[in-house]
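Next up is one chain by itself, shown in structure tokens, the form predicted on its own.
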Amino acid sequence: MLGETGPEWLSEEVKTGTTIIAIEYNGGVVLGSDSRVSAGASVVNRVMNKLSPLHDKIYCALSGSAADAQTIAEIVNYQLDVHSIEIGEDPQVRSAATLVRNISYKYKEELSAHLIVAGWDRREGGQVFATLNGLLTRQPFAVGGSGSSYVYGFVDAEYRKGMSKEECQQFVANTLSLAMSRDGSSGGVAYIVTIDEQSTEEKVILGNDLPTFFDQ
């Protein structure tokens, strides 16, 4: 019939889920994410790396629609490459976060994505920026995705200023493990990236090697 619009499931919003986190320490940043990509109740990818490089020492953590978030990251990666050639040096982390914020705001009606931008530059050191629908704010740490609502109490209680690189890495691993155990849309392995002046280190923690807590 002319009035029919098709099955109801075609018009339903597809729910997605993830857990992402980034934290500053003196001299660098640590980013982390789970690896599960879900569409409603279905897991469509078990091992997606949601930590995407924007430049040599700038990464972003992806949440929301995987396609939308990856598109934003690829556009910003290209623009930063051009920008760094024009200025003759590596771009600032704030510049990358501003580009993400501008694209997210300009296409807020079309795109469904939230990116946390973190990295190191020679002017400000390690930095973490939250970007959402035109918002741009620097934070000592930031969490996002569906799993974040399960761990806000944990990160608020466990975070403290002056944490070392190793303490931040453990903080990120613990947060991801707790979120992945509670949130059905988060899971798989944990990806962790540590960025400082000397290096960019990528690490994968398999599900069996994640920290465990009393109820696991």
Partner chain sequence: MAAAASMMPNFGQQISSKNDLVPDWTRQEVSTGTTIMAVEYDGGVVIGADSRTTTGAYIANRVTDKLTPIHDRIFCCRSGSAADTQAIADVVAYQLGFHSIELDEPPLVETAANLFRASCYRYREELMAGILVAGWDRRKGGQVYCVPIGGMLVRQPVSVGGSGSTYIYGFMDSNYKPGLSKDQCLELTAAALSLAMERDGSSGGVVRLASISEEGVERRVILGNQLPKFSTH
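Numbering follows the first chain given and starts at 1. Bear in mind the structure is a predicted one, so any value in this text is a computation, not a measurement.
Same protein, other form: the form predicted together with its partner chain, not shown, and the subject of what follows.
Each of Gly153, Ala157 and Arg160 is positioned with at least one heavy atom within 4.5 Å of its partner chain in the model of the complex.
Just one listed stretch, out of 96-104, 140-148, 122-130, 109-117, contacts its partner chain in the model of the complex at the 4.5 Å heavy atom level, and that stretch is 140-148. Of the listed positions (Leu178, Leu51, Val189, Ala66), a single one reaches within 4.5 angstroms of its partner chain by any non-hydrogen atom in the model of the complex, namely Leu178.
Although the partner is absent from this view, Arg182 contacts its partner chain in the model of the complex, with a non-hydrogen atom inside 4.5 angstroms.
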